[in-house]
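Shown next as structure tokens: one chain only, the form predicted alone.
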């Protein structure tokens, strides 16, 4: 077979494979695994920074990490994967950064319902391909459950120390991220990438 025919055959097969994926509602396995890796990287990096800050200076230092370091981590992970990777919540501390879009809010409400019915939040995820006016996207979310270290800043207000409450009131006047019990959904890591 002439080389030009092989090249055309290769292009045709690649186009057919792309169309099969682009026309499907199931995300390609590699894309889904990348979403999981990116989300895991964000969670691991944030947790590491928070643990270091709390061990070195106490829970008050975690506020500084969340306010300044976490957005930088999310930005670096987003650039690395060519996707939007960040944290969202139905009760954000900083509405400018933490409020999810309509799709994310719907998924977060679904997570809350699943946990209310007894499902464990650890490892809970949701993914789908979503068609938007600007194209098709892989959307992925992974639950961030309330864990003991989160209680310093996100637990019931009467269990949060006065210095932390004062700092939160100063830094986040529209804070909605308190009063959450252990084991509930605090928010989620969200990943959005064009296909």
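Positions refer to the first chain, counted from 1. The structure presented is a predicted model; accordingly, all values stated were derived computationally and were not measured.
In what follows, reference is made to the form predicted in complex with a small molecule, a form of this protein that is not presented.
Check: Check 62, 71 and 97: does every one of them have a heavy atom within 4.5 Å of the small molecule in the predicted bound form?
Finding: Spot residues vs the small molecule: full contact, yes.
Check: Do residue 152 and the small molecule come within 4.5 Å of each other in the predicted bound form, heavy atoms counted?
Finding: Yes, residue 152 is a contact residue.
Item checked: Distance check, residue 144 to the small molecule in the predicted bound form, heavy atom within 4.5 Å -> Close contact exists here: in the predicted bound form, residue 144 approaches the small molecule to within 4.5 Å, heavy atoms only.
Note to self: Given that the small molecule is not shown alongside this chain, does residue 54 nevertheless sit within 4.5 Å of it in the predicted bound form, heavy atom to heavy atom?
What the structure shows: Yes, residue 54 lies within 4.5 Å of the small molecule in the predicted bound form.
Item checked: Contact test in the predicted bound form: residue 83 vs the small molecule, heavy atoms, 4.5 Å -> Flag for residue 83 set to no.
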